[in-house]
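Here you get one chain, nothing else, as structure tokens; it is the form predicted on its own.
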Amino acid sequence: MRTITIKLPQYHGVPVEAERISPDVLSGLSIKEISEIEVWQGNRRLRLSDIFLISGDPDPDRPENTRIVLEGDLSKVKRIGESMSAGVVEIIGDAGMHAGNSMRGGTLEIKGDAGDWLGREMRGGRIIVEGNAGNYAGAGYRGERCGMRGGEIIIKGNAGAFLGEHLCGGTIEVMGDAGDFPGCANQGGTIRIHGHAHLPGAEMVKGSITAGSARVLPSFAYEDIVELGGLTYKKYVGDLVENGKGELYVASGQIGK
């Protein structure tokens, strides 16, 4: 597998638009050609090599045979892995907003925290975050019918507000807690939250949400006690305000029953 290493030698407070850092774009280019790719830092158009140190295997290859390794404080570097369909992007550190936008395949690994809008309107592939994720992970922009449509997001820490808003497909798993309104306006897909979920499933019509504990909206109807994976959950159905048939499973906590 071809490896391309992109290092950020110092922190830049001005955001960098890095949507071209993906195996689909870089796999067929030489190191020199990669260095000359244009990116925006604030309102300045620069070459990639003006900001990053770039090295790696010189010979072009296919996207599925390409691994991109990014190092440094990338918390202001946005849109890494946007629309990628194959290969691997590994971020050793934090990632900025919009990582994995419209991702269609491949794997995005973030060893630190991820900013807001992780996996926005994702179609396929896999995102793994070792730390926490910001708001709107797996969600969709205002005016879009669907957020995430397929693929998988795994967040090993906590997630912010509006996790998986407008989710239509795919799976999101959070090992920690989720902020306000996870699964808001869901139309499909699966969200699993191992910790606490605050007011999950508002305006939900389809799909399922599982939480270790939750504060449940009064527009969800208690249905039964069920067993999932050897654990006991209270099952709710809703959001009844939307005539929804979404399924909410809560193991414990403030559940109203």
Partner chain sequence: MRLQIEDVLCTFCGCLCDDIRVEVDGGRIEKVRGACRLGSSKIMGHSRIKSPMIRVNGELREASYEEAYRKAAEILVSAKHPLLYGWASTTCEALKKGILLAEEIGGVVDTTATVCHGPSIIGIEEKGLVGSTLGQIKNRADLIVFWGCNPSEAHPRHTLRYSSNASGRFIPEGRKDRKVLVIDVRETRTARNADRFLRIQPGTDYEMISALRMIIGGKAESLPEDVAGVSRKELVEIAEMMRSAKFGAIFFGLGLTHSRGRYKNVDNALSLVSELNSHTKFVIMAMRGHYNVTGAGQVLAWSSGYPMAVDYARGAPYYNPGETSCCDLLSRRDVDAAMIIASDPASNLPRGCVEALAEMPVIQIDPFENPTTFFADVVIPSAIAGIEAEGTAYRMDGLSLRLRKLVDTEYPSDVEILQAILDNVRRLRDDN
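Owing to the predicted nature of the structure, the values given are computational and were not obtained by experimental measurement. Residue numbers count along the first chain shown, from 1.
There is another form of this protein, the form predicted together with the partner chain, and it is not shown here; the text below is about that form.
If you check the partner chain in the predicted complex, you find no heavy atom from any of D73, I154 and K206 within 4.5 Å. A residue is said to contact a partner when one of its heavy atoms sits within 4.5 Å of a partner heavy atom; R44 meets this definition for the partner chain in the predicted complex. The partner chain in the predicted complex comes within 4.5 Å of a heavy atom belonging to S219.
Although the partner is absent from this view, Q10 stays clear of the partner chain in the predicted complex, with no non-hydrogen atom inside 4.5 angstroms. At a distance threshold of 4.5 angstroms between non-hydrogen atoms, D177 is out of contact with the partner chain in the predicted complex. Proximity to the partner chain in the predicted complex, taken as heavy atoms within 4.5 Å, picks out 197-205 from the listed stretches 197-205, 27-35, 226-234, 63-71. Shown without its partner, the chain has Y136, Y141, R142 in segment 124-142 as residues with a non-hydrogen atom within 4.5 angstroms of the partner chain in the predicted complex.
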